[in-house]
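In C-alpha cells, the next block holds one chain alone, the form predicted on its own.
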C-alpha cells in the first residue's frame, strides 16, 4: 500500500519524519503548512495525516494532537524518500587524521573507529572485530604471571591481539615458556585457525612429541589458549542515549545498558550484517534489541575480498539517516584499506 502514495502524501510524510528527527516533538498540521513548498491548508494536511495513520505510517501520542512516524514510516523513508549524499569534508578529514595515527596496531584502530563513529554521529559507535576462528595466526607467546597462571598472547595477521589466561598444573620457568613459544610459532605461524587446531591434534598424536614432555605441554597449553572465545565488540558512546528525549525514562535506559552489556542480541544482529553486503539498516523492531525504538546502521570491513568484521552506529529510530549512512559507509571503506595495506597514511577513499 505504501508504494501507492501520491506525491502530496509522500511530501507530507517526508516533512513529518524530518521534523520529528530534528525536534523529537509530535508534528502537527500547522507545522507542515509552514514548510517551504507545502501549499496546502491545515485541514488538507490533517486529512492526509489521517490517511497516513490508517496506513500504519503515523501514530498519535495520547498527550498531543500531533503525529509521530512509526517504524514502517522510517523504513519507507529510508527505502524511497531519502537521498543519501557523500560524507562531509569535515568528517572525512577527521577520520583521515585520527585513524591512520594508530599505526599497525589493529586493535587500537578498531577501538578508535568505534570512538570516531560515536563522535561524528553523536550516537553509539560499534565495531565487531574479526572473529578469532576466521583469522590467520601471526604470533603466539606465553607470559608468566606468577604461580600457576600464564597469559597467552595471540596476534593475528591483521594485528588483532587476543589475550587469554591459562591455568597450569605446575609452575613453568620463563626459559621453558620461551622454548614453548618458539616451537609453537615454528609449527603454527601463518596457518588459519581452523588449520591450527588440526595441526595441534596431529602433533599431539605423534609418538615423537610424547617423548619430549616440554613440547607435549606446549601443545596442550596452546590448545587451551586457542579455544574459541567470544567475539571482541568495541562500543563507545552509550551515554549519548541520555541526550535523547525518548530514552529519558530510567527504566528504558537500564534496558539499553543491559543490551550493551550482555551483547548477545547485538552480536546476533552484527552476524546478520556480516553475512550480507553493503550498508545494512535495521529500524526499530527489525533490530530485535530491547528496548525498542532503536535503529542500527552497519557495514562490513574487509581485507581484499575477505570479510573481516562489522562497523556500525546505534541510535534512536529518530536518527539522522542522511548523515549517518555516509559516515558508516566511508569509515568501513577506510578501515578496510587500513587493515589491508597497513599503511600509516592513506589517500582519500574514492
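The shown structure was predicted, so the numbers you read here are calculated from the model rather than taken from an experiment. Numbering follows the first chain given and starts at 1.
What follows is about the form predicted in complex with the DNA, which we do not show.
- Shown alone, this chain has one stretch from 283-291, 316-324, 303-311, 39-47 that lies within 4.5 Å of the DNA in the predicted bound form by heavy atoms: 39-47.
- Contact annotation: residue 57 falls outside 4.5 Å of the DNA in the predicted bound form, judged by heavy atom distances.
- Contact check for residue 29: a heavy atom falls within 4.5 Å of the DNA in the predicted bound form.
- In the predicted bound form, 66, 67 are the residues of 66-91 with at least one heavy atom within 4.5 Å of the DNA, listed from first to last.
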